[in-house]
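Single chain ahead, by itself, as structure tokens, in the form predicted on its own.
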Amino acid sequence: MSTKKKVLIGLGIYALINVAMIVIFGSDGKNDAFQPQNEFKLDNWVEITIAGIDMSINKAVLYLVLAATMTCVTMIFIANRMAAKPNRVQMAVELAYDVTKNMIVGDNMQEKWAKRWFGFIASLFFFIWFSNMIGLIPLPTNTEHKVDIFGIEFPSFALYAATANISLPLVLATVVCTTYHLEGVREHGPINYLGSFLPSGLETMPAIGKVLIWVIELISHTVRLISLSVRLFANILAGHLLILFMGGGLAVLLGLAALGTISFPLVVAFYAFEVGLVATLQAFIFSILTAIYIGSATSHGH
């Protein structure tokens, strides 16, 4: 039998399954009780208030701790077990280290600053990567829909990522923006650094034109805080929403069981796409932009 016939037979069987699901289960109508957005709701597990500040522990805190722990433990474990003949894990870590050192940091910063800030940028890359990857592992963190096992209620499994909450990307972006501005001021002095916002080659331009361009550059530096944080947050959140809806959320929401069989191949594709590309790409983009910003702030030429 040819490959074409096998594919057609497979598609035919798949279509029959979908038709059977529609005939057998039909439509139960819209499920108003199901609220997909609650998957990202943060219910406090342990209430903690210090000096009027809410420091409660919730699942976002759990994922932060997991990501930080995985970053530290993995790097320390590999560093203490480096071998002349590396295994696959060591080779993967060495490849990631080489990409971070040469492609992310080395290509965008002068050697002096690359040595100084490599540790910070590498930590950003691995922390965001671990956070994104852990967010794609089902963990029992859904306290809204619990599972009864022998009379005891346990949280159900769910997907969540700390980077899918705007708070974490915003904090990371704030640290990055504050860092490169401080380094720029330390390298050039406050007046010269503010003057560096104005590109070279504008000596003959009228003063009003220079002021307008300087203001535009100032706005672009401010927008970096938003672009850095929202890019990471939006991509991870969108990926999780697609997985949630294609994985059965849409079928439950609309009350159409047949949608589950139709969307299942899509959720497999989306999940593979998130694991194989998006999680790593977003960590790479955030860290390389950090290197570019620090490198441009400390550079003596444009």
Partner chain sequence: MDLLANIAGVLPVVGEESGGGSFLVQPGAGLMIWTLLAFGVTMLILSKLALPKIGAALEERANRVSAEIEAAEKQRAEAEELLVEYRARLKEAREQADDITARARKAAELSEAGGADAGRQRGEEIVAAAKREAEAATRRAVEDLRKEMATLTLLATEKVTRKSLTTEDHKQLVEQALAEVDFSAISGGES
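Numbering follows the first chain given and starts at 1. Because the structure is a prediction, the values reported are computed rather than measured.
We do not show the form predicted in complex with the partner chain, though everything after this point is about it.
S.K.: Is every one of 114, 194 and 275 in contact with the partner chain in the predicted bound form, taking contact as a heavy atom within 4.5 Å?
M.R.: None of them does, since no heavy atom lies within 4.5 Å of the partner.
S.K.: So which of 208 to 216, 106 to 114, 181 to 189, 74 to 82 is the stretch with heavy atoms within 4.5 Å of the partner chain in the predicted bound form?
M.R.: Result of the contact check: 74 to 82.
S.K.: Determine whether any heavy atom of residue 54 comes within 4.5 Å of a heavy atom of the partner chain in the predicted bound form, and answer yes or no.
M.R.: Flag for residue 54 set to yes.
S.K.: Counting only non-hydrogen atoms and a 4.5 angstroms cut-off, does residue 139 reach the partner chain in the predicted bound form?
M.R.: Outside the cut-off, so no.
S.K.: Indicate whether residue 165 is a 4.5 Å heavy atom neighbour of the partner chain in the predicted bound form.
M.R.: Residue-level check for residue 165: yes, a contact with the partner chain.
S.K.: Given that the partner is absent here, does residue 154 sit within 4.5 Å of the partner chain in the predicted bound form, heavy atoms only?
M.R.: Looking in the predicted bound form, residue contacts with the partner chain do not include residue 154, since no heavy atom lies within 4.5 Å.
S.K.: Can you tell me which residues in 229 to 248 come within 4.5 angstroms of the partner chain in the predicted bound form, by heavy atoms?
M.R.: 233, 237, 241, 245 sit within 4.5 Å of the partner.
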